[in-house]
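Form predicted alone, single chain, as structure tokens, below.
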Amino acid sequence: MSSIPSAKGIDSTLALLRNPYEFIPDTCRDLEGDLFETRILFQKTICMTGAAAAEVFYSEDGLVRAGSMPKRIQRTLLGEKGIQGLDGEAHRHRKRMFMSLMASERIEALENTTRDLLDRYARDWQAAEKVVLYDEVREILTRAACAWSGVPLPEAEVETRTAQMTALFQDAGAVGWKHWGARLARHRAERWTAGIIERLRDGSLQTGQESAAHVVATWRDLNGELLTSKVAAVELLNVVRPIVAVSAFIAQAAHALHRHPEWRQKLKDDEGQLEPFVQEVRRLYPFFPAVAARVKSDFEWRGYRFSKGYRVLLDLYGTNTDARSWDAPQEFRPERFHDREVTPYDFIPQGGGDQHRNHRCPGEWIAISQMKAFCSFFVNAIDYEVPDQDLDLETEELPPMPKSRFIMRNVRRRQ
């Protein structure tokens, strides 16, 4: 049995923080393999990339999620005791709660809510000297996510809740005061959603039975008990927060439309091009760099031994841009999705495997739907100018955004 190749140095935490999207694939290329061993936060960690690695990562035999994510991520991005840390039947049962929200008519209802909000916001954009798109989209999606989820959102709280949802995903991997700000946002957001759960349970708040708030408030775990208010608050945020996070993909899609203007006409001429376009944005533009698991029991893969207790990081971005799976992987080519059969392991911007059984994000269909709605609006409903600005992606941010947050001006509604 061969030893897993090792990265240089005693600990790779700083190298990963400095280069979160390229550290794993670059190191694998340097070592001429799919995996290597290092330490992250001084814990023994195996880093992996590629479709074959994704397949073993999402197998339920050797790897578990419990205890795999660093506490700093649990206390910001994910919350504690939510679905991301469950395994086996407990995970599958909780996943059914989320999947019950993903019926096509519910996804369409959310898209319609977003389109109505876009129409409203566009009227204000026409009068504005400039529009910072990322900021506007975050607010639109906060409103849409809350309305769709049955979460009351008074007008006076829109700015605050938008900032809290943003901090959970944008500052989760930050260091210093931004990280502590994200922790505070998590605390306040959970207190907010716990209050909503309690009001639904005592009858002082009513919402539709199909809403996420109602489903989470009434869901019973395997033991037949309602989720605690704390856990239900985490899971309700696990509905709202990812919808708001789609704002990053949408800003990236606007960036792609600007960089590849020929696709504006293609999308106007044929709505069937929308899905290939947004899928290519999801493939090529970085979102989160990696996901974590832990070795449940010793096993062997490709002659390498995975020892119990090791943390394992799967490289998402490197897998989505792996030349073994994708022709010209660094080129923007939406047409590649016209006739390509995508597997559950070579295209994993929001996790891999099966949505029902594995830890693939159940909201992936919502992300695609929302991106298509916004892109259609950008090319069919409005005209706008993109002034000179710094559109370089800040890859040290998670997820990377144009430094300007994508500024538009002279926005005009089409008749």
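The numbering used is simple: start at 1 and walk along the sequence shown. All figures in this text were calculated on a predicted structure; none of them were measured in a lab.
We do not show the form predicted together with protoporphyrin IX containing FE, though everything after this point is about it.
Each of 65, 316 and 361 within 4.5 Å of protoporphyrin IX containing FE in the predicted complex, by any heavy atom, yes or no?
Yes, the whole trio is in contact, each within 4.5 Å by some heavy atom.
Against protoporphyrin IX containing FE in the predicted complex, would residue 150 count as a contact residue? Criterion: heavy atoms within 4.5 Å.
Result no; residue 150 lies far from protoporphyrin IX containing FE in the predicted complex.
Does the 4.5 Å heavy atom contact test between residue 134 and protoporphyrin IX containing FE in the predicted complex come out positive?
No, no contact at 4.5 Å.
Could you confirm whether residue 245 comes within 4.5 Å of protoporphyrin IX containing FE in the predicted complex, counting heavy atoms only?
Contact with protoporphyrin IX containing FE, yes.
Give a yes/no on whether residue 163 approaches protoporphyrin IX containing FE to within 4.5 Å in the predicted complex, heavy atoms considered.
Close contact is absent here: in the predicted complex, residue 163 is far from protoporphyrin IX containing FE, nothing within 4.5 Å, heavy atoms only.
Of 219, 263, 287, 301, which residue is found within 4.5 angstroms of protoporphyrin IX containing FE in the predicted complex when only non-hydrogen atoms are counted?
Residue within 4.5 Å of the partner: 287.
Counting any non-hydrogen atom inside 4.5 Å, which residue from 40, 28, 366, 52 sits next to protoporphyrin IX containing FE in the predicted complex?
Result of the distance check: 366.
Which of 93-101, 270-278, 177-185, 220-228 has heavy atoms within 4.5 Å of protoporphyrin IX containing FE in the predicted complex?
Answer to the contact question: 93-101.
Between 66-90 and protoporphyrin IX containing FE in the predicted complex, list the residues on our side with a heavy atom within 4.5 Å.
The stretch touches the partner through 83, 84.
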